Structure formats: structure tokens, C-alpha cells
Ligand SMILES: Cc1cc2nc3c(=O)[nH]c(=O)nc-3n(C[C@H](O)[C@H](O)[C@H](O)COP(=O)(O)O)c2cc1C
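Next up: just one chain, as C-alpha cells, the form predicted alone.
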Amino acid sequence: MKPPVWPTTPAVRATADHDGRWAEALHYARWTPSPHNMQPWRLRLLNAWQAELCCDPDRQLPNTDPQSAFTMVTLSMFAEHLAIAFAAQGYALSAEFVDAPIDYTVRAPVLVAMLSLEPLPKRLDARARRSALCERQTSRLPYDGSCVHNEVLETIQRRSATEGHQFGWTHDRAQVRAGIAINRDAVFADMDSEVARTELRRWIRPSDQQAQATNDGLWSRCMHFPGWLLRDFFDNHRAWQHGARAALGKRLLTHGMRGTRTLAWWSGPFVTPADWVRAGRVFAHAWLLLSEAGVHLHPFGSVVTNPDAHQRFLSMLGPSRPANTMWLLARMGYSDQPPRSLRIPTSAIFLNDTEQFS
């Protein structure tokens, strides 16, 4: 796919980015995936060579990501994607992350990393790698019934091992069916929590108009669910907890994942902020490698964060269960081109001079 055209707006030109190098890199990096497509990254330029990467206080998940582990993972992925974009422009980007969780009590952009640039010889293959940032997509569509090729998965396994993480997978039909059922049950169990449901409801976009107004969140088109159903599920949830509606909701969720033949997971150290940053690097490069091989991915976050579902999945795997902490589970496969989720414009990622740091 041809990358979208890079816009040059007055708002971007008004920053310290006099030659537009940061805006050009941001144009590609903003396609980084994030939980619920909340896009927590903000950038404050100090000069043409340095910037502060911050977490937006209005784009956080204090109840469903209380440690900020998965928000740190996505911010680390964003920094990796930014580095890939800069490499195509002839710059090396280094990121020094703050060794602390994100403080959700601060109502201002929270500094998470210092970013620095230095010149780098341009490489022809860097442009292709940069294009992959725009081609990577989550696919919640049905897959075509094929197993992901083992050669691709073995590449991911070797790449993950370089950062001290393990990557496993199964093509076993019974295990794949069981994993999808565990995810379905976990999603519905999580939504029975009013706190979790209220936090997620902020990011639900049941109509085209709402999605296009905010350029973020979970758009019903990308979720592969009718907008009216998605809205009613959250706004009239009691009616979906039992009986025919509950059965319909679970059947639609499972049916939408038909054709899946591969489940895969990452495991490794996942306790400290440094662990979360390293996991983000692992996942950023793995997803791009999968995308370059034509493989789509759909994370099963609830199985990771819901303790009962997590244990149920590990027990189901039996002897092949990971030895270390499983921090990501996903179904993988080959699908039609999914709808593209939206992103906030590049100019909105830059912090202006009136926004204060914690």
C-alpha cells in the first residue's frame, strides 16, 4: 500500500521543528497500535535534535491498566516506530525512558522518555521498513483457515529471544477453539464490571460520525460489529448479561473469529517499567515482521489481564505453557484487508508551550 501523503500544516511549522523532520517521522509513527486505540503519546520539542515523549493525562486507563504496564508497552512501541521512521530520513533516534510507572494522579502530560537525534547515513531498505508502519493493521475479521507459516513464526521467535523473551504458538484445532472460547468468556466477564465497562465506554465509537470526530477509539467498523449493537451492549448492559442477548453476543464474537488456525503468545520478564519498555520493543518489531509477511494479528488482551482467564488458558496449554509471564496473546492469520482505524493528526501530537509537565 502506498503511504499516505505527509501533510505540512501551519501548526506543525510553528514548533521548533523548523525543517519538518519531526512532523515527517510522526506522520508514520502515529500508526502505532495502542490499547483501545487511545493514542497516549504527546511530544514536546526542545530543539531540532531533542524532544520529550509524554503520556497524555486524558488518554490513560487507570482502572484497567492500574500499573500502566500496557500503556508503557505502547509508548515503547511508539518510540521504536519513531526510530524506524527517522532512519529513513537519515537520523538515528535514541530513547531514554524514565524508570517509573506513569503517575495517573498528575493532570498534566507525564514525561516518559527523552528522545535524541543524530545523523545517520541513509539506507535504501529503511524506506521500505518505514512504509510497513502504515501497512500494519489489527484484523478482527474472519481468517482464511490457514495456519501461519512456521518459518514466519520461527523468525519472530528468534527476534524475541534477542531481547530475552519467549514466543510460542499452537496450530492445534482444539487448543485454538478453546483459546477463542476463553477470550470470549473473559471479554464478557470483564464487561460485567461497571468500573471496567465505564472506562472502556469512553473509547467506543459506534458511528462513523463519532469515529471521524475524534480520530481515535474503537470504531464499530474495525470491531466488526454493528454500531447499534455495540452502543446497546454498553449503554444497556444489564439486558446483555443473560438470556438471548447474551447468547447472541457471544455467538457473534466467536463467529467473527472463524477461520483462525494459529494462536501465539509472548512471555518473559514483565514486572518493572524497564521490562515493559523492553516488551514494547519486542512487540513492535514482531508485529512489523508479521505484517511484512502478510500476517494479520488480533490481540486477546482480556485473557492476559483477567486472572481467571489467564490461568484457564495456561492450564489448557498443558506442557506447552510458557515458563515465564505471558504478557500478550493473539490470534494470527490471513484475512481480507481490514478497515483502517483512525489516528489523531500529526499536529495534535505536539505539545504547545502552555501545557505544563509534571
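So that there is no doubt, residue numbering starts at 1 and follows the sequence shown. Note that the structure is predicted; figures quoted are calculated from it, not measured.
We do not show the form predicted together with the ligand, though everything after this point is about it.
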| property | result |
| --- | --- |
| Accessibility of shown form to the ligand in the predicted bound form, site-C-alpha superposition, 2.4 Å backbone/C-beta rule | open |
| Check all three, R44, A87 and S347, heavy atom within 4.5 Å of the ligand in the predicted bound form | no |
| Stretch from 279-287, 206-214, 191-199, 155-163 whose residues place a heavy atom within 4.5 Å of the ligand in the predicted bound form | 279-287 |
| Contact test in the predicted bound form: P33 vs the ligand, heavy atoms, 4.5 Å | yes |
| Heavy atom of V112 within 4.5 Å of the ligand in the predicted bound form | no |
| Contact label in the predicted bound form: S131 to the ligand, heavy atom within 4.5 Å | no |
| Proximity of L117 to the ligand in the predicted bound form, heavy atoms at 4.5 Å | no |
| Residues from 116-149 in contact with the ligand (non-hydrogen atom within 4.5 Å) in the predicted bound form | R136, Q137, T138, R140 |
